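Only one chain comes next, encoded as structure tokens, the form predicted on its own.
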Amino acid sequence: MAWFMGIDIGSGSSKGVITEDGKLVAYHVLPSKANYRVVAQKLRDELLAKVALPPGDITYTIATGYGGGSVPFSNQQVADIRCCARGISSVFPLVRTVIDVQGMSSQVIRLKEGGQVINFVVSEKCAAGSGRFLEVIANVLRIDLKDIGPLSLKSKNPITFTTGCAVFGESEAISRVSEGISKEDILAGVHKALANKISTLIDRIGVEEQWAISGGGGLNVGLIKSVEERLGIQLLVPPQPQLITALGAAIMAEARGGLIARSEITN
């Protein structure tokens, strides 16, 4: 038996998966915090503990994500766009467009068969185009991040944010609270603003059926609904969208580790 590991160190959370013969056998998620190297080590230790494996039993490890370069035990670092594409393709082989909503950015990826990237576009370096905007507004409204999606679905009259900047968006949300606007309408307005940002990205790259969402944004039912309404599409949502990039890294690790093993046998 051979086991492979994918480690995705994101700006907000870090994800790790172990695969065996192409199947997911274990996963773990931790807050990234400030020290990516420390969280990567802790992530590996706790992930291995779930399957009672020593580190030496992992054949190959690929690291990716915002802090992928800080993973001391990885055999290779691969760009998160490639890992995301490979991961989503393993779950939904017919998907050709992926909307990946991360903590610090959003990106749209065009794929072909097998999860190969043919084009992509990434949001500008502004929190208003990422999951960070949701965190900012959740802090203003003093609600848990996981409650944002369900609450927003109760909105009767979503507001329209007049700014595309997260800093000014925070001030605008505070003003709307003081005006007596409901949390539900504010949250629905944030989702509409993010959906508009994503639509702008798609205008630059085009869209091809089928479509899927990945990253932490895929856990937010309100955001999914807003994106679908804005684009007039139906998104496929993986069972655990936040793991897709780490899963892709593990799948690529399995392919790379297999090549090395075959090379050693033939040489």
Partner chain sequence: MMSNEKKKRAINRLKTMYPLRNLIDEMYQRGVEASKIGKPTAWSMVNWWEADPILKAMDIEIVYPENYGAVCAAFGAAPAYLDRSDSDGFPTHMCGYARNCIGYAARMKDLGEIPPEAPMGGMAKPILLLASGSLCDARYKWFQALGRYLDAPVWTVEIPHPGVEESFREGAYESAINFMVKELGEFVTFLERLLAKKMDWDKLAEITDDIIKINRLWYEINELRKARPCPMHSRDFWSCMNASLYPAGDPKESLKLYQDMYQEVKDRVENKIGAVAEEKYRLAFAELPPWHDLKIFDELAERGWNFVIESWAYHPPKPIDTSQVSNPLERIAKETYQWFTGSFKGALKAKEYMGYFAYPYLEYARDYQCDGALLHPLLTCRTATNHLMLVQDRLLNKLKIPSLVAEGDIVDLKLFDHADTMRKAETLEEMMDHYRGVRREEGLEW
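Positions refer to the first chain, counted from 1. Small disclaimer: the values here were computed from a predicted structure and weren't measured.
Here the subject shifts to the form predicted in complex with the partner chain, a form of this protein not shown in this document.
Is the partner chain close enough to Val25, Lys50 and Glu254 in the predicted complex that each of the three has a heavy atom within 4.5 Å of it? No: no residue has a heavy atom within 4.5 Å of the partner.
- Message: Test of understanding: in the predicted complex, would Gly149 fall inside 4.5 Å of the partner chain by heavy atoms?
- Response: Gly149 lies outside the contact set for the partner chain.
**Asked** Heavy atom to heavy atom, is Gly115 within 4.5 Å of the partner chain in the predicted complex?
**Response** Because a heavy atom of Gly115 falls inside 4.5 Å of the partner chain in the predicted complex, the answer is yes.
Practice problem: Report whether the minimum heavy atom distance between Thr97 and the partner chain in the predicted complex is within 4.5 Å. | Solution: Although the partner chain is absent here, Thr97 would stay clear of it in the predicted complex, with no heavy atoms inside 4.5 Å.
With a 4.5 Å heavy atom cut-off, would you call Leu153 a contact of the partner chain in the predicted complex? Leu153: no, not in contact with the partner chain in the predicted complex.
* Listed residue that, although the partner chain is not shown, lies within 4.5 Å of it in the predicted complex (heavy atoms), from Ala188, Val78, Val91, Ala138 -> The residue in contact is Val78.
Go through 190 to 208 residue by residue and record those having a heavy atom within 4.5 Å of the partner chain in the predicted complex; state none if no residue qualifies. Just Arg204.
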